Each structure stands twice: as structure tokens, then as C-alpha cells.
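Quick heads-up: it's one chain on its own, the form predicted on its own, in C-alpha cells.
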């Protein structure tokens, strides 16, 4: 039986590893890395840094290129189908690595940005590998610090009002508008800068990019007053890094 550990590694700060994550890392035999290309080399480099720091015995790194994903779909059905195909392709890659490159009894780590439960594909992909039955393995999940937790800490805010709910969504979903019944909405995966299209004068934004990393960016204030600044910062940062990961809290001011 191969033992797979899906390890949440935080939002970018090496000190955000939990003690549990450090303990599990120390005993790994193999680290599996899905390489997303030169544009996201910083993300891969941090994973290697964490392994070199915390794995206490000789270990191997297995690297595979991330399969291409169809990003042309504009409707929800097409988008969901394209993501499912991408998961299947990833399952083929990871299943082959586990079968051909990992021996029974070895411990394998997959290091996940943030926490594996929040907008990450790894658990769905491993479920697909398991369903195919081509390799025998079991897996455990080690929780991590999310970018949303880091966002709240940096801005010194809570996600909710007293007894009130908070909604977590994507930029794609936010395109339908800020839910009228909610005062607090957390947004991730907003590659289209959906916040800039919202015209509600009573919204505040708490935005952050590269949270926990040396190039961290933060902006907070009235959405209408700050959104042009955020759009400009995103463009500059993407040009500089070749990629951007950001998230934000939208908060409605009530009379």
C-alpha cells in the first residue's frame, strides 16, 4: 500500500506550516510535484524549499507537467465539462506516477497551496485515481492555512458580523452580482476583475495578492474609490511575476 499525504502548505509564508504538516513532511520518501511551467516557478520553488527544510531523510521528487486545460468555455456547463476533463488528465498522470515510480510502503507527499478543501483539485483527482483501480494506495489530508485566513489577518477583519453568514464564491459566480441578502462575500479565482464591474456605492473591499509572500499587496477601502487602483496593481504585478493569485472580501455597509 502506498501512503499519500495531501498537505496544505499555507498561502505563501513558510512559517504558516502547521506542526502536523512539519511532522508529516519529515518522514516522506517521495514528493510529487505537478509543474505548471516557468510562469509559476515561484510556486514550485517554495515547495522545494519546504521539502529541503523539513524532510529529514533522503527523498525523491517526481515531477510531471500539468495537463493542458480548455479555457475557451464561457457557459457554466462547458466550464464544468472542461474542468472534469482536466481532472481526468491529471488523474492519468498521477496514477501512472504512483503505479510506476512509488513502491508499496513508501510515503508520498502532495503539497497543496493553502488548504486542500478550498478550490483545489487534488482530492477530486485522487478520487478519480482510486476509482480507476490501477494502483493501490490510501491517502490522508493535512489541513493548511488558506489565503482567506491570511487576508483577514493582514486587514485585521473578521469575515462575519454578529450572528451573520459569510458567502465564499468565485469571480465567475460573482459576475451575476453581489447577493442582495448578504453583507459579506469572499471571492477567489477572479481572473476577470469582476469586482470592477460592481457599482454598489455601499461596498467596501479588502483585497490582497501574493498573500504571505515577499511581494504581498494589500488594498482596502470603498470599492468605487479603490477598484481602479486594484486593477492597475494587478496588471503591474502580473507583468512582473507572470502570474497572480489574489482574493478579497466584499462588505456591504448598512445604514
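This is a predicted model, so every value here is computed, not measured. Positions refer to the first chain, counted from 1.
The next section is about a form of this same protein that is not shown, the form predicted together with another copy of the chain.
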Can any non-hydrogen atom of residue 238 be found within 4.5 angstroms of another copy of the chain in the model of the complex? no
Contact label in the model of the complex: residue 232 to another copy of the chain, heavy atom within 4.5 Å: no
Heavy atoms within 4.5 Å of another copy of the chain in the model of the complex: does residue 87 have any? yes
Spell out, yes or no, whether the shortest heavy atom distance between residue 133 and another copy of the chain in the model of the complex is within 4.5 Å. no
Option touching another copy of the chain, based on a heavy atom within 4.5 Å in the model of the complex, out of 93, 175, 73, 153: 153
Three residues, 202, 243 and 248; all within 4.5 Å of another copy of the chain in the model of the complex via heavy atoms? no
Residue by residue through 103-134, which ones have a non-hydrogen atom no more than 4.5 angstroms from another copy of the chain in the model of the complex? 115, 116, 117, 118, 119, 120, 123, 124
